[in-house]
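Here you'll find one protein chain in two forms, each presented separately as structure tokens under the names structure 1 and structure 2.
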Structure 1
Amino acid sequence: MAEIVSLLYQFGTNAAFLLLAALGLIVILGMMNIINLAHGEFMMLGAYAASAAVHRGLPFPLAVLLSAVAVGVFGIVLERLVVRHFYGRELGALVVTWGISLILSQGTLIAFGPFMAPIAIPGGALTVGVYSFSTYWLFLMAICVVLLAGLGWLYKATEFGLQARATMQNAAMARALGIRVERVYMITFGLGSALAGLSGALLAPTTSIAPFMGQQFVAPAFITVVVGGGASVIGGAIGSSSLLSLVETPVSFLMGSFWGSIALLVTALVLIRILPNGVSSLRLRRRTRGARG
């Protein structure tokens, strides 16, 4: 019993990490077809902001919210200055955001030095049998559910969501219908950036905070996105993070975290060979097959 709980906990932790690492990226990719390669650095900025706020005496939850807002605003500024010139040129956008990521990480190193004071993990531990679980990670899993539900509500039930989905499907048509496409893009990029900042702040207590910490999110975040595909943002995110966690958890458990990462990459390669449009295309595919039969 305790083993099963422990395995479930491991699985949940890995899935929550993948989801948090990838969520901002997925929102921007799914809605705008833009890859933000500075995503890891946005998370790093979130972690720095949260750490700075906590060390100035702010309570952790407030620090997290503040970081999300700060990185969101930063993202909007960057969108206006740079990213908007690359709509429709996805490879150009990749390259330019990479340049931004170099500037951000190296700039942070110069401005703040190689280390930032860490944040203690909030909350205590739960024990089941011989295993103990961090309540903070349980909290993060809950946050993931809340974030996904919130995004689902935003895109399915609000006016902005309707406009964003229309823009995603056909920007020219949306523009003809009077939707301010530029504004939708700006808000979406801001939202994705804020999510990156939020994730960075939330993960800050679980890791060491350093200028190049963004790199550790690059591989898991991008693999999650590649496997998720662009067809359905939220479905893809859930499907891909849980599927990958299902592979990573046992491999990391048996062979260590590096082989866990390798397993992620191999899974991604095999999956895209089978499903070039990502996990989210499975649902669509099943739908058409059902109609045929």
Structure 2
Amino acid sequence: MAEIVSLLYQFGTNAAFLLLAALGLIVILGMMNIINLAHGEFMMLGAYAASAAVHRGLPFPLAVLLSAVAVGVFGIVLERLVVRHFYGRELGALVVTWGISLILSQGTLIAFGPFMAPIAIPGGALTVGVYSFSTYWLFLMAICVVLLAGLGWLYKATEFGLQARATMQNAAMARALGIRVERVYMITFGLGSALAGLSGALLAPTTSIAPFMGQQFVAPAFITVVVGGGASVIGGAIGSSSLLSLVETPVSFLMGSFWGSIALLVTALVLIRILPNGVSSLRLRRRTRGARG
């Protein structure tokens, strides 16, 4: 029984990590087709902001919210000054966001040194048999559900969501219909940045806070988003994180975290080969078949 609970817990933590690492990237890449190579550094900024706030006496929940707002505002400013000039130029956006990532990581190293003060993991632990489980990771799992539900509501049930989806499908037509496409891009980039900052702040207690900490999130984030596909960015992220975690968890449990990571990468390669449009394309195919039937 304890082993089953441990497996379920590890599955939840792996899926939560993948989702939190990918959330900001899902919005920016999925809705704007901008490959943001500075995504990991945005998460790093969130972790730094949270650490600075906590060590100045602010409660951790408020520090997390402050980090999300701060990184979101930073993202909006960056979009207005730099990123907006590269819409429709994917290679140019790739290079400029890579440059931004270098500036942020190296600038943080120069300004704050190689490490930031850590944040103690909130909450306690639950014990089942010989296994101990952090209640904070259970909280992160719940947060993922709330964030995904919130994003689903935003893009399906609000006027902004309708405009954003129209812009994603055909920006020229959306502009002709009177949608302020530049404003949609600005808000979307700011939202993606805020989610990256929020995720970085939430994950800060679980890792070392350092200028180059964002690198550990970039690969899992891109893998999750690419395997998920663009047919449904949110549904794809849920499906890809679940599938990848479903493979990684038992392998890590039996053979160690290194082989679990290898299994995750191999699974991602196989899924991309079998489903080049991502796992979300399966849902689209079912809808198409249902409409024809």
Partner chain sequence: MPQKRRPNPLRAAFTGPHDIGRTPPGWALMGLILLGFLLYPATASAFSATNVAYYLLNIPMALGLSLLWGYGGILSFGQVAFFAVAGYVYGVVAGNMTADPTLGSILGILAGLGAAGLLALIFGYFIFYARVAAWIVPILTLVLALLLSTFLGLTAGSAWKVGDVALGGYNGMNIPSLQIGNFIFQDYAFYYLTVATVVLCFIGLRIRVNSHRGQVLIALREDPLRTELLGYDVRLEQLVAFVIAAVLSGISGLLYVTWGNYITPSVTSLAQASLPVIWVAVGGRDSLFAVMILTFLLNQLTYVLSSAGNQYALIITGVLLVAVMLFAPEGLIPRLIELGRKALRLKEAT
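We call the rigid core the largest set of C-alpha positions that still match within 1.5 Å between the two forms. All residue numbers here refer to structure 1's sequence, counted from 1. Model, not experiment: these values are computed from the prediction.
Structure 2, rather than structure 1, originates from the form predicted alone. Residue 239 is not among the residues whose C-alpha shifts by 2 Å or more between structure 1 and structure 2 once the rigid core is aligned; its shift stays under 2 Å. The shift recorded for the CA atom of residue 262 between structure 1 and structure 2 is 2.5 Å, with superposition on the rigid core.
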